[in-house]
Ligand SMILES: Cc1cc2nc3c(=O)[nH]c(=O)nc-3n(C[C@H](O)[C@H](O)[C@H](O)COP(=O)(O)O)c2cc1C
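First, one chain by itself: the form predicted alone, in structure tokens.
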Amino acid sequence: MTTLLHIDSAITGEASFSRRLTRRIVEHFRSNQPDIKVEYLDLAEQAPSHLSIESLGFRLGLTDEQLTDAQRRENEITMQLLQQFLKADIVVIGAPMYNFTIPSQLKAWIDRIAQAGHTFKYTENGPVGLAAGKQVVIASSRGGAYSTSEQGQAMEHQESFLKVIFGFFGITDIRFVRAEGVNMGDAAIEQAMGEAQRSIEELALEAA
């Protein structure tokens, strides 16, 4: 059975464009694979804490006896999120642009799954990703237009960061469903969501 992990990170609730897009993307996967198993994670409600000395205990390779109670609790959170990510065949992520990059809640989740020995490893020839074989679909929403100019592309650290980090994990099938310019008026919203819908339909055709 295919497992899909559906993640939202927008803090704006029903007003969020990225949440609208992730719902549509998941619906298309469901329509093509009725028996697909979907797990949902809302990082606006369930974000892990940002990295601290306690949550770094997992990375330090300490034995359970060497960990503090706080480090054990943080390790349990990290392991739960990591296992959830690793067992997913498809990961659908809602990633709005906040201040030219991703929400801090989404970054906190990425910091928990970026674990040496689990999603990547270091070798004498450099790092090697360990999470290959997944498909990652990112619902990207932006208030302005960044993809159509060199200046805009230089300013965005949202899609570029996500492409690098998931590529670092060994994932090569990374798709973007983009709605940009959603703060530029009704006509821009209609155009952006129409283009995003066409991208979703292309995903559905490939999955069929």
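Everything numeric here is computed off the predicted structure, so don't read it as measured data. Counting begins at 1, following the sequence as shown.
There is also a form predicted together with this ligand; it is not shown, and the following applies to it.
- Which residue, 97, 91, 113, 131, has a heavy atom that falls within 4.5 Å of this ligand in the predicted bound form? Only one listed residue qualifies here, and that residue is 97.
- Counting only non-hydrogen atoms, choose the one of 117-125, 134-142, 104-112, 71-79 that falls within 4.5 Å of this ligand in the predicted bound form. It is 134-142 that comes within 4.5 Å of the partner.
- Query: Do residue 196 and this ligand come within 4.5 Å of each other in the predicted bound form, heavy atoms counted?
  - Reply: It does not: once this ligand is placed as it appears in the predicted bound form, residue 196 has no heavy atom within 4.5 Å of it.
- Message: Is residue 191 part of the interface with this ligand in the predicted bound form - any heavy atom within 4.5 Å?
- Response: Outside the cut-off, so no.
- Query: Is residue 172 a contact residue for this ligand in the predicted bound form, using a 4.5 Å heavy atom cut-off?
  - Reply: Although this ligand is absent here, residue 172 would stay clear of it in the predicted bound form, with no heavy atoms inside 4.5 Å.
- Counting only non-hydrogen atoms and a 4.5 angstroms cut-off, does residue 183 reach this ligand in the predicted bound form? Yes.
- Message: Whether 10, 16 and 146 jointly form a contact site for this ligand in the predicted bound form is the question; each needs a heavy atom within 4.5 Å.
- Response: Judged in the predicted bound form, 10, 16 and 146 all sit within 4.5 Å of this ligand.
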